[in-house]
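A single chain, nothing else alongside it, follows as structure tokens in the form predicted on its own.
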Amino acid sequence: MNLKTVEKFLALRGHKKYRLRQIQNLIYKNFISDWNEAAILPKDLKKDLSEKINILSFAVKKLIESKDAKAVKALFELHDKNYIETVLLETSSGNFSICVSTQVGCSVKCPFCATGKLGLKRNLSEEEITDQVLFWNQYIKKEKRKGRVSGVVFMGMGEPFFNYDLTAQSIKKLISPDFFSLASRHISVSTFGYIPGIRKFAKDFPQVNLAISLHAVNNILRNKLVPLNAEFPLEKLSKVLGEYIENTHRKVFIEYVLMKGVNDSKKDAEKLVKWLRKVASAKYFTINIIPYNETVKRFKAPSPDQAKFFESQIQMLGVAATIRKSLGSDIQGACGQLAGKRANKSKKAKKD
């Protein structure tokens, strides 16, 4: 929802200024999804709003719920016919976390990632980012799901720090008491290791969690898995993470996509812990082990036993580690799968 557009709309039609505050509360506190739900607004205003103002900046094209009903994935069509994805996850506490996208596609082009295959189309606006959170709040209300949205992770499509200014605007809106009122420490932003972004983020949002998509700790392998590592190699990443921890005294979350025969051995676990210990004390890290969701044929998922073994090796070496539960193939859980399929269909339709 773009409140500046609503403000102009109300002024042009001569409505009282207090209506804007009412509308803001209806959208961001009551989570209405239809103007007809706005009982406190006069009928003529509701009619005008219904005809001229969309509550969301995109159209919902598809919803897929996991078999255990603990994850729901949504595909949205933007105004320019591009597509993005977002996911609602039920947490162990019974509340919900939302995974949001910040770009259409991604320029990092990790070869194992479905989003990377799309390339970068464009950045999302602040409205398009926060509307993902707004949508899921509406969904929880409509579906009468128990619990509330307690956290947001910027781990969907795109590299958040390549869209830094608009990502920052969206974080400010998420933590604002006038909008979503989320705690800073319940928000996490993931980056492949864009060093200028990490430095700026440490100053602007010292209480928001930082996550690093690492996947390997030698430059030869990481150059293959994360191509932009060649520009921002591990030596530079190590230095900036040390600075981040020294300045913020905050823990860093390490995302490690585990791929069979690529980065899942005992030696890989030992090298990972050794690299982290050179950055800072082990207490400053938690490793999220993510068994690969097979979206690209050349990469395979490790067996559950191998993933558990990898986790145990890290824990034995004194670093906190946990295996992140996969969203599963039943909702095409890997980032970019749905958007990629829809984009390919659109290309094919144009050719035909």
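All figures in this text were calculated on a predicted structure; none of them were measured in a lab. For every residue, the number given is its place in the sequence shown, counted from 1.
Another form, the form predicted in complex with a small molecule, is not on view; read the next lines as being about it.
Every residue of the trio 154, 213 and 257 has some heavy atom no more than 4.5 Å from the small molecule in the predicted bound form. Contact annotation: of the candidates 313, 66, 57, 295, the single residue with a non-hydrogen atom within 4.5 angstroms of the small molecule in the predicted bound form is 295.
With the partner omitted from this view, the residue of 166, 187, 113, 241 that lies near the small molecule in the predicted bound form is 113 [heavy atom within 4.5 Å]. Picking from 244 to 252, 71 to 79, 156 to 164, 231 to 239 the stretch near the small molecule in the predicted bound form, with a 4.5 Å limit on heavy atoms, gives 156 to 164. Contact annotation for residue 290: at least one heavy atom lies within 4.5 Å of the small molecule in the predicted bound form.
Heavy atoms of residue 209 never reach within 4.5 Å of the small molecule in the predicted bound form, leaving it off the interface. None of the heavy atoms of residue 136 is located within 4.5 Å of the small molecule in the predicted bound form. Using a 4.5 Å cutoff between non-hydrogen atoms, residue 191 counts as a contact of the small molecule in the predicted bound form.
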